[in-house]
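We've got the same protein chain twice here, in two forms, each standing alone as structure tokens: structure 1 and structure 2.
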Structure 1
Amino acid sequence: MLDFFAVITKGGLVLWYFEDAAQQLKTSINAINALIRNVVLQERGGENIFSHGSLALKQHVDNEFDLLFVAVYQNILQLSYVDKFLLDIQREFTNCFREQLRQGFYNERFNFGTEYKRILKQAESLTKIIKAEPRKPRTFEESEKSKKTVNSMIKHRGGEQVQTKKPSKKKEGKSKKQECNNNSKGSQAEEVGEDEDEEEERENEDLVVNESAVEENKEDDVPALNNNDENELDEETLRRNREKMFVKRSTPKAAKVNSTKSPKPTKVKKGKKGTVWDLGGKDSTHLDYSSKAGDSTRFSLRPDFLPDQSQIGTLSGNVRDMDMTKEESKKKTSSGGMFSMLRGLVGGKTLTEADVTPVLDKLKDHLIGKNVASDIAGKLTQSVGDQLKGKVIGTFEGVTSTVRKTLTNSLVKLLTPGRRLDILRDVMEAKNSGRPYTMAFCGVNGVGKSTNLAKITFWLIENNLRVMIAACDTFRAGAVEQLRTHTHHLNALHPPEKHHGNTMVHLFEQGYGKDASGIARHAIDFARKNNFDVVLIDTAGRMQNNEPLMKALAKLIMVNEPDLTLFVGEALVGNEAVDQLVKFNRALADHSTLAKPQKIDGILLSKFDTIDDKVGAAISMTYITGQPIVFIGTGQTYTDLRRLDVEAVVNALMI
């Protein structure tokens, strides 16, 4: 059922492949290329299945010999054995061809067909057996009910205690309580015994707390259980139900008066009472709350204020400097490096998960400390761990340094743009086709869209391009005036006399309250007719969970199809960046009627001068969207616009 299977080196050579049907090779190679471009190179190791058209692909990387095992099958079949199958094939293949792989002889014929067929048959027969078994019902331990506490299952209705537990469950409840007792005793003993590890103590405490809470619940309910007998309960409910039926029968159309419901408060219609205002009827003398001249000399002390005589005289003179405790620099790594060097002298070491996990956890905390969003730091470290599983490190390398190097490489790969970033060249291209180059700015409130728009305008007019600004922020008071002020300033810096009589910057606005996408469309038409080179569209800031505003933004983007949709995000943002970008992208994709909706094409990272080296927001944003950081804003004057330097940012992150 697998259409295609291939063993590929990381250098790009296909060592061995198996095609189930004829002419699968070309389509499969295309699919594999797409898989590599999207998954392997974008550090998204988590998602397992990649779908390309009608094909689904699953891959497994062998880090020891730098091989990639890819299985291709039809998307509609949901094969469950592929993961284990990949691992089995990996084991077989590396065992059969170990020598050739180690020496790098990739050009020999690899005869793997028979083993492949054997393993495939094994895997398929195993799934058939699993499928043929009738699904056994869950045991009590597996069910959700056993995990609930007894207290949560008691339904209180109008003050009566209705219990639905059977006596068998009562017994199991008791046995569970005994287990809990034992566990808590055991954990308490552990707690007393181990004083060194704080984490374990805390964990044990939590366990004790939880189990004691469960214990308490069970203790509360056990007397209740003991009191009520099962048969009585059923009779009581039966009786009540019979009552209800009689009531229903006797009064067919009467209002369903429930004796248990409290009587509704009847509306007593009184005469019309005059409204009493808070400050009504009072004049200015009553409203004067200032303290009178006579009272100002004597001020009332707070009743709880006790004067502390010892403080007097301590702050005389200059205010003392802040106590700067130097952070402990990470000099520990050097000593660790020494020991790992000595350990590494023994020989080439294969990395296992146990070796790598403590280092990865420390690095994850370090990244979170540098303002990377926490789940992204987790995903990054997980993908680094996957890359290192089974890898052989050289004699003089330590585990820590290898992990750090791999993480640095991953970060560099993440931040490096995946496409050519040359705005000026693209503007020239658009000019040759006779249309203006449009750039739209979107983001939440207060991130710096208008300021950075002005900076980009300055850069463009410095390069002799005529810019039109479309004021599509029709909501915020002063937005249009702000852009008008910028326009005046920029035109003063580059007056028309210097540029053959052309105004370099023009503001297209239609006041407040109008539809933003209409204004943008008119602006682009105006720019085309009057030979403007670039149109910059400024939109209103909006929260990512504001549904109508997100719809309006999606409509603007869909109607006007800008060449570059820039998401402006501030560098100070932390975990919030993930939420903002995910919701913005989703809104742009969902509310668009096109087959291939236009999503965020680039990121502008603003307020970069406010963070010293906590540059993690750059990582979070590029990870979520996969799009490059096009500009960086580093201040509020026109020249504070920069390009991303990947090496510098990664160095700042990893220090």
Structure 2
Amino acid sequence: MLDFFAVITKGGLVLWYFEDAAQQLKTSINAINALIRNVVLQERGGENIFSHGSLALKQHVDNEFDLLFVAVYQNILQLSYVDKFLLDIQREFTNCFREQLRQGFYNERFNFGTEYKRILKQAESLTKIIKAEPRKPRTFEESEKSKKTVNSMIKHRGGEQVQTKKPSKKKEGKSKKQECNNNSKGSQAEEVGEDEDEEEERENEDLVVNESAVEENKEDDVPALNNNDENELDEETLRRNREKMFVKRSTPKAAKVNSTKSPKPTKVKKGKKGTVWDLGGKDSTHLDYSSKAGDSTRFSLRPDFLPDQSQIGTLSGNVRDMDMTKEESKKKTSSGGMFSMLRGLVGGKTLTEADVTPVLDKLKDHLIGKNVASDIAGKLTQSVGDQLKGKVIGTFEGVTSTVRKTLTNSLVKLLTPGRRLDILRDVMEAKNSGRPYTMAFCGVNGVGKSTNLAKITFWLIENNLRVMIAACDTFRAGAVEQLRTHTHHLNALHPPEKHHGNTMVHLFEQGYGKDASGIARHAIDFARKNNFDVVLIDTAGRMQNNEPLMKALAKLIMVNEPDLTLFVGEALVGNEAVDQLVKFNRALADHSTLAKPQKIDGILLSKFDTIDDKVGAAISMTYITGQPIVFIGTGQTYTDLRRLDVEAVVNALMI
């Protein structure tokens, strides 16, 4: 039974609603607001059922009058008639109030209670009748087994039905040997032929068989081997076949006779060469990196970390946008792209499901080719299809512009952050409150967490913020040394002399094998006492199905409560991105003891410079979490950090 039903315009005006007496109105209104906020506004129309607490919500969109029909019922109920009920209500409501809706008279009263109860009663009674009917088993004629005949189970070769079976390779009894005594030589020849290589077997299969004799013997039910009158041709054929076979066996193959293997040249075994290191021949003092923190600014710079040092001091403010210009992507899009498939649609009519389905299938394949996860591509195309059904278009250009606009709006709403995202402002607010701003980085192995952490550190230093790096990757060998190398280079690029004697980057480390959550907590306390502005927590890479490491990550997030939890993912992945994000979020929720566990707050896409126009991973990750993409990594240097340009990504996706 439905608890609540409402007809709402896309502008948010409630035209008509029905409330069950046993259900609180406030609970249903909160559920519908959550549906509008998380599904309608973010273009997630592909979701079949939206759950909010103990309630389940289903929606249906009418594109002709921009109406939203919402049904609310208890999540524990399995109501199979809701989809058809929504369609019937939509059809009846638009037919009854077509003139009012067309003229926009939304302030008038919509008396729809009688029709609603009638349609609901019909739907519920039909469901009861269907459930009351006993389910009869299928008859044998309705099953697939009845369609299988003897002829369909016999294998065919060359389009003709095989009448005879191959002789068995197993030894037969004495009685069968006596019956086949006349042809013992032929059987021996066949056994010898089976020992030949594949080429000889293929040639032996081409031997002629007297099919007429076989058919006549089947009719008389007499073995063909005992009929001497009708078997003369068979004997002649067997004789010729045996002669061919003996000739082949008596003359060895030319390849085997003529080919003489040349002796292999003897290899002189060389001794093991010594390993040549990068600093081979130099004093061991060049390999000693155990100097104190005071000498870190005199560390020699590596040019590959920052090839152009003239960029120092130019990255203050917000992170720069992507390098891909909108003009280039628009030129590529205007040249054709996936919208060339729309020529199958005819303008001048209302789009129906039959018109839209072929286009949506091609659209789904196009999105999957752009590296969008298959499930996400299906939901996106379903959402676009729901918006296209019922649209009245005029010409072919109208079809193209309508579909392009619909898809563009859906993707832009999906990628646009639903909340304010200004890290520099959040850092200043935390600084004014007397605490450091904390960011935690998590993700699977090898996605570039430490490298992108160093890029973000360089950007924060450019904005005159002191950064504490917490080395909480106590699992991977060399993780602490990697962060120590980045700390040396960052302090060399921004020496204390340029910042009033303050060391801008400090590495907080406690070695390997320690508790990561404890190291992060001590690092935050140390940063608070020493006036550091930001704490960046580097964690170990872990696979999403590694339960012990996922528990350790959940403990670190729960104990330290970072202001921003970033998931670092590769832009190369497709379906794997969905699995990673779902299991990371699930682990953070399942292994937390808080009433509202903290989950992933943002996404950092690494290796974005390697994907060209296959930007589907950004769509998949944003769709599955509902969280924004905060940064994208476009290279290996400290300045290769960009902000996602939503319009450029959408244009690249539609090429």
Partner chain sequence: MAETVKEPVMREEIKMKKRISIKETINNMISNLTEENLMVIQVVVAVFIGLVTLVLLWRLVRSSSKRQGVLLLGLCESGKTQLFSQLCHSTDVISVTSIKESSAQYTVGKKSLTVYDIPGHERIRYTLFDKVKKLARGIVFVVDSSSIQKDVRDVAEFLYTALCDGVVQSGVRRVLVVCNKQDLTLARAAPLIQKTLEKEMNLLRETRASQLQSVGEGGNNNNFLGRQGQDFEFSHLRPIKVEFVEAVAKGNDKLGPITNWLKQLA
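What you see is a predicted model, and the numbers here were worked out from it, not measured in a lab. The first residue in the sequence of structure 1 is number 1, and each one after it adds one. C-alpha atoms forming the largest set that superposes within 1.5 Å between two forms make up the rigid core.
K.L.:
Which number goes with the form predicted alone?
P.N.:
Number 2 is right.
K.L.:
Aligned on the rigid core, do the two forms place the Cα of K498 2 Å or more apart, comparing between structures 1 and 2?
P.N.:
Stays below the 2 Å threshold, so no.
K.L.:
After core superposition, I'd like to know whether K58 moves between structures 1 and 2 (criterion: C-alpha shift of 2 angstroms or more).
P.N.:
Yes, its C-alpha moves 2 Å or more.
K.L.:
Determine whether the C-alpha of L87 shifts by 2 Å or more between structures 1 and 2 once the rigid core is superposed.
P.N.:
Moves: yes, 2 Å or greater.
K.L.:
By how many angstrom does A6 shift at its CA between structures 1 and 2 when the core is held fixed?
P.N.:
Spelling it out: core superposed, C-alpha of A6 shifted, distance 3.6 Å.
K.L.:
Report, in Å with one decimal, the C-alpha displacement of I130 between structures 1 and 2 after core superposition.
P.N.:
That residue's C-alpha sits 7.9 Å away in the other form.
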